[in-house]
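Below you will find one chain, with nothing else, as structure tokens; this is the form predicted on its own, and questions on how it binds or moves follow later.
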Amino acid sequence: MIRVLSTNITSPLGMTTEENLLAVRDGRSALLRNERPWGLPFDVCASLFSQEQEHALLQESADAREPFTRFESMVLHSVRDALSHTDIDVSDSRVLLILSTTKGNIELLDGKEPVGDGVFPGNTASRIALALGITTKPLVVCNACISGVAAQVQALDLLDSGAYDYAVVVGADCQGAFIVSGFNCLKALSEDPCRPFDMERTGLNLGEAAATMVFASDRVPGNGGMWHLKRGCVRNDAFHITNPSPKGEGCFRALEYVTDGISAESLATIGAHGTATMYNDQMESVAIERAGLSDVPLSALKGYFGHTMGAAGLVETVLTMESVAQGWIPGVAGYAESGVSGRINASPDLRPTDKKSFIKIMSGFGGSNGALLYTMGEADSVAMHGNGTYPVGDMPVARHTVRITSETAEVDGTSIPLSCNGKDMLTELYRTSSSDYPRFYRMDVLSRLAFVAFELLRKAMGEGTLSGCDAMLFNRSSSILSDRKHQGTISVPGEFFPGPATFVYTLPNVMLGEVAMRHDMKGATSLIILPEKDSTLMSQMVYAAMLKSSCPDGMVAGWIDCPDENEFEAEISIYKHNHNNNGRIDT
């Protein structure tokens, strides 16, 4: 359990948490129709910063040595405002920065060669950490729409493990031609303000924002912060890389985990993802009913902010937290009549509450689902392992390891004979390891690399399967190959032809969706982007996650990076665990 020390929301509705809270309480929305923005050949209904707001953010973060981007400026404003309400020394080695984003500085991708380092999210996080004076290595959580929720889960795991005392978690994304054209080619955008869960919903609206939550471990003395993140998890539904499970399988299992031992009557609200897309809202309603939570008041905030992507999980958590603390639940803007089959308790009107707990849920591409349980009040006794501290030095040991480069492949140190290299080598490995999954040929190169690595790992296990495993992957280059390909379809005047088959792979966690589908992996799946490969930090994160994992067969974890179709690296291992009485992991 960890506690919230301070927050900030920076959005078109305001530059502080208080301004955004007041706007939502008054029923104000930032969604507006924009006429052919960024040179796109269509109008866009979205929540975007005004020119005055953008100018103020850029001026505030101005640095004479090197200018900050729009994305970096909104992040810096949000974090600095949140930190100003604490007395944390951010230079301390016990303070961690976690950035949640889907595309970060993607505006810097201009089709030119070579690609600038600023496009890579880990480098962006390092620039932000340096500007803030944070000295530990930052990490980027990139799990599509659930990134903001997944980042909070990472903070919970790492602080509970004893690796850090404080976590500064910030989520952000800004909109532009890259993202908007992609969602438009998926036919997911609504021309009008969105209507979550409504009979007349026609799709989502995009938005831009940054939001920050500063967390402290409950081991750290101090009275600051009355809200506690009690539980959090990520679950994959292993159903499809873009469509959610019709039965709400992943969302249901996430809800089941965070509500274990919690009565529905104690909850003020369920903060839904509520994208106003046909399939997502339907799926969430089914999961909520399956979890026995139909009578809990439902809130959904996309009608005020739009879908703010990497910021959404934080914006919506903070807004819900602050409104419940004041004794009210936001109305679902745009909602009039239920258009979902699962029974939900939704209303367009603000509703009072005297309860002090809530759930936040999110779902996204790659089969991702996340859930959080927040409670207000005194902390429960913190369940520690052994003598009251986690044995962070006792890192897990790999049972089997697969290593692949653009020229070699080996399993547990034994080389595999190959007749070619580069991307053709991946096809050769596929044909020799598993030729019964023709979907392989539809994948991007990053997903193909992950696919064959997981296939070889499964074969190394003999009769074993990966279905009972969590998965945590790390990389540096995000999805740069698909990013460049998608950018090429929108950057030439008169040749605008973005397509779904490319755009979906600009979300790098989709590779986890591919392997989850293949191996029926319904546990936690997470993608972390780092400035560079760091085995110590990676082991630390794997260990922290395994302390909380309920998957019986352990975790698949490692590095999968593909900066070029003929230059890539994969090194993944399977870690089996068994918690003994000292809380240690037996491998």
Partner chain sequence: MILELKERIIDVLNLEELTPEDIDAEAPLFGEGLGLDSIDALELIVLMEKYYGIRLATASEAKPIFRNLATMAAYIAEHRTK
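All values reported here derive from a predicted model rather than from experimental measurement. Positions refer to the first chain, counted from 1.
Another form exists, predicted in complex with the partner chain; not displayed. Remarks below refer to it.
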Original post:
Any idea which of 346-354, 79-87, 460-468, 180-188 reaches within 4.5 Å of the partner chain in the model of the complex, heavy atoms considered?
Top reply: 180-188
Original post:
Should Pro438 be classed as touching the partner chain in the model of the complex when contacts are defined as heavy atoms within 4.5 Å?
Top reply: yes
Original post:
Is there a non-hydrogen atom of Pro498 within 4.5 angstroms of a non-hydrogen atom of the partner chain in the model of the complex?
Top reply: yes
Original post:
So in the model of the complex, does any heavy atom of Thr136 sit within 4.5 Å of the partner chain?
Top reply: no
**OP:** Could you confirm whether Thr242 comes within 4.5 Å of the partner chain in the model of the complex, counting heavy atoms only?
**Re:** yes
Original post:
Exactly one of Val340, Val504, Ile490, Leu429 has a non-hydrogen atom within 4.5 Å of the partner chain in the model of the complex; which residue is it?
Top reply: Val504
Subject >> One residue of Arg442, Arg94, Lys247, Lys230 in contact with the partner chain, assessed in the model of the complex (non-hydrogen atom, 4.5 angstroms) >> reply: Arg442
Original post:
For the stretch 1-22, which residues lie within 4.5 Å of the partner chain in the model of the complex by non-hydrogen atom distance?
Top reply: none
